[in-house]
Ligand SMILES: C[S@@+](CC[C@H](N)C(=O)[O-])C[C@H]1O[C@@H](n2cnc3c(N)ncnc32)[C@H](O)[C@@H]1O
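Just one chain follows, in the form predicted on its own, and it is written as structure tokens.
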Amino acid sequence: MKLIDLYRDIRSELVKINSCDEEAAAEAELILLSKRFSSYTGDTLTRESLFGVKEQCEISEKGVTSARDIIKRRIEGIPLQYILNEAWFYGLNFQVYSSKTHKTFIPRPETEIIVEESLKFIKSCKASKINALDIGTGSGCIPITIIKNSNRKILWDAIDPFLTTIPYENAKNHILEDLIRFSKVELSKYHRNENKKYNLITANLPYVPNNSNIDSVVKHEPLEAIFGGEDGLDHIRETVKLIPKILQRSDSIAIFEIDPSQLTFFNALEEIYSIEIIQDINMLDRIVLLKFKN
């Protein structure tokens, strides 16, 4: 089968589970451009080669079978990022899946706002070196992406009570393993052991209220990375409580991703912090920036 015909077959199958043809087309491209599929085309494809010089390339029966296996698992509801073990975030590729019991939350586009706001802060920060802490690091995508997009010296600690080997692999793949120290620990225990202060804290914590309905695809992701208690604030409250002890008093910032319903909680902190709210692409309150008031 020619590559372009395989693309059309994959796209037509994925239309059955996607809400629109554009999403099916995007997923079909991700499958054929993935590292997993590259062995059947001789090298990793680009979008230009898929619809250009490689479109008439003959794909072996083994390659066609592999593609159909991917489609079958996708139709079963498994996220494509887990099937391929590839998730794109801020233009970078991250591993997210090792096994059913070793997987991370799949990075979302709205979390890229944390990266953007962190880079703005880093550019203005006067410290000779920046100490940074990522809480609930998951795949490690936030610290890795920030380092890759900054020329400043940033020393990262990244903690997660459910830490897997996946963020280590991502740091290694991006040649950053010496710049990020990963620890499998809860924030409260980490603070007692370290007694360290930071210029930058990033926190994409579980924030979905327990009684919320979630998409069937999301149910394949680690639930401990999604739900944050009755109002979704359990982990956020704990972190905010420790901010005065772990964040530098000046030239510093803490950045949280939140559910829009949690804005009232943060607005109640205005006596201590200067608070800025950033909306996501859907115009929902999604990111909170906290800075100590002078």
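The shown structure was predicted, so the numbers you read here are calculated from the model rather than taken from an experiment. The numbering used is simple: start at 1 and walk along the sequence shown.
Omitted from view is the form predicted in complex with this ligand, to which the following refers.
Under a 4.5 angstroms heavy atom criterion, identify the one residue in D157, E86, E117, E186 near this ligand in the model of the complex. That would be E186.
Residue (of E177, E76, D215, E224) lying close to this ligand in the model of the complex, criterion heavy atoms within 4.5 Å: That would be E224.
With the partner removed from view, which of 67-75, 140-148, 124-132, 167-175 is the stretch that lies within 4.5 Å of this ligand in the model of the complex, judged by heavy atom distances? That would be 140-148.
Even though the partner isn't displayed, in the model of the complex is L92 close enough to this ligand, meaning a heavy atom within 4.5 Å? Taking the distances in the model of the complex, the answer for L92 is no, it never comes within 4.5 Å of this ligand.
is_contact(I113, this ligand) in the model of the complex, heavy atom dist at most 4.5 Å: The answer is no: I113 has no heavy atom within 4.5 Å of this ligand.
Contact with this ligand in the model of the complex for P161, defined as at least one heavy atom pair within 4.5 Å: yes or no? Yes, P161 sits close enough to this ligand in the model of the complex that at least one of its heavy atoms falls within 4.5 Å.
Can you work out whether F105 and this ligand are in contact in the model of the complex, taking contact to mean some heavy atom pair no more than 4.5 Å apart? F105: contacts this ligand in the model of the complex.
Hey, which residues along 233-250 are within 4.5 angstroms of this ligand in the model of the complex, non-hydrogen atoms only? Stretch hits: a single one, H235.
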